[in-house]
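One chain follows as structure tokens, the form predicted on its own.
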């Protein structure tokens, strides 16, 4: 496939600076790009590499000027890059065939062009809408619903009665609908509390590899439209994650927590249960969220605090040994002065 720079500009809503007739046949990084490639610069620190790249054109922000290179100028270069990559690397067309080695229960309803790879197991009463693709060794429990154009990669488990929306992508090894961690104390032992709710995944959600999303004790654990989770994320029972929220790798969210819309939880953030995180809040990497976070607040550290306060605290930590020595010296001086004062009083 070849597209002119002008055609790509029309696709993403960008402005061409330079020769719009340049033909583009692929996308590559700024250092690896060669003739026929378009590359991109979204971070100013890579500007110096723009003039040296072998790329035939560069996607960049409107203020960038690179002599001798046709440019595709747009306010959000990274988004334009994503759209152009999607053009040159579309999702593979699926066969629309249910492999004879798949195991399908009774009363299953299929839409058009559903693809089931070998060794998929579909429980009784499931609904798979148009264009669903399920890769090998996946298991869907009884009465699971999967919305149209959803893609489920290998070794995914979706347990009974859970609901998966449209255009959802679930990466390998994820478990949806495992029992929530619920036990009642019974003397020295624990009595298991039946987890009778479901998980509901709304449209356009993408779930990373190795996620574990627990079913609700009652009601639902709910990932709303557009949520994106990285690999190795754990979401406990009865959690709600609001629209367009991002959960980065190794985030753990305890039960019955409500996370608002457009929230960002960076890598290894831990969240206690039964709290609320407001819309547009941001938590820096490894933050331990121990209570409610207001909307639009940026927090870091453990226990969490406003990010600016955490920066001040973190700058102090390396100085603590020196401060401790200084404090010890001051304590010794005060003790000597008190001793002298006592001697003077006694005299």
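Residue numbers count along the first chain shown, from 1. Just so it is clear, the structure is predicted and the values come from calculations on it, not from any experiment. In this text, rigid core is short for the largest set of C-alphas that superpose within 1.5 Å between two forms.
The next section is about a form of this same protein that is not shown, the form predicted together with another copy of the chain.
Contact annotation for residue 194: at least one heavy atom lies within 4.5 Å of another copy of the chain in the predicted complex. For the chain shown alone, residue 129 is not a contact residue for another copy of the chain in the predicted complex, no non-hydrogen atom being within 4.5 angstroms. Not displayed here, another copy of the chain is kept clear of residue 110 by more than 4.5 Å at the level of heavy atoms in the predicted complex.
Although the partner is absent here, residue 15 is not a contact residue: none of its heavy atoms lies within 4.5 angstroms of another copy of the chain in the predicted complex. 321 is the sole member of 68, 34, 291, 321 with a non-hydrogen atom within 4.5 Å of another copy of the chain in the predicted complex. Contact annotation: of the candidates 233, 239, 199, 116, the single residue with a non-hydrogen atom within 4.5 angstroms of another copy of the chain in the predicted complex is 233. Residues 169, 249 and 287 are all found to lie within 4.5 Å of another copy of the chain in the predicted complex, as judged by heavy atom distances.
Within 4.5 angstroms of another copy of the chain in the predicted complex, the stretch 118 to 139 places a non-hydrogen atom from each of 118, 119, 120, 121, 135, 136, 137, 138, 139, taken in sequence order.
With the core superposed, residue 339 shows a C-alpha displacement of at least 2 Å between the shown form and the other one.
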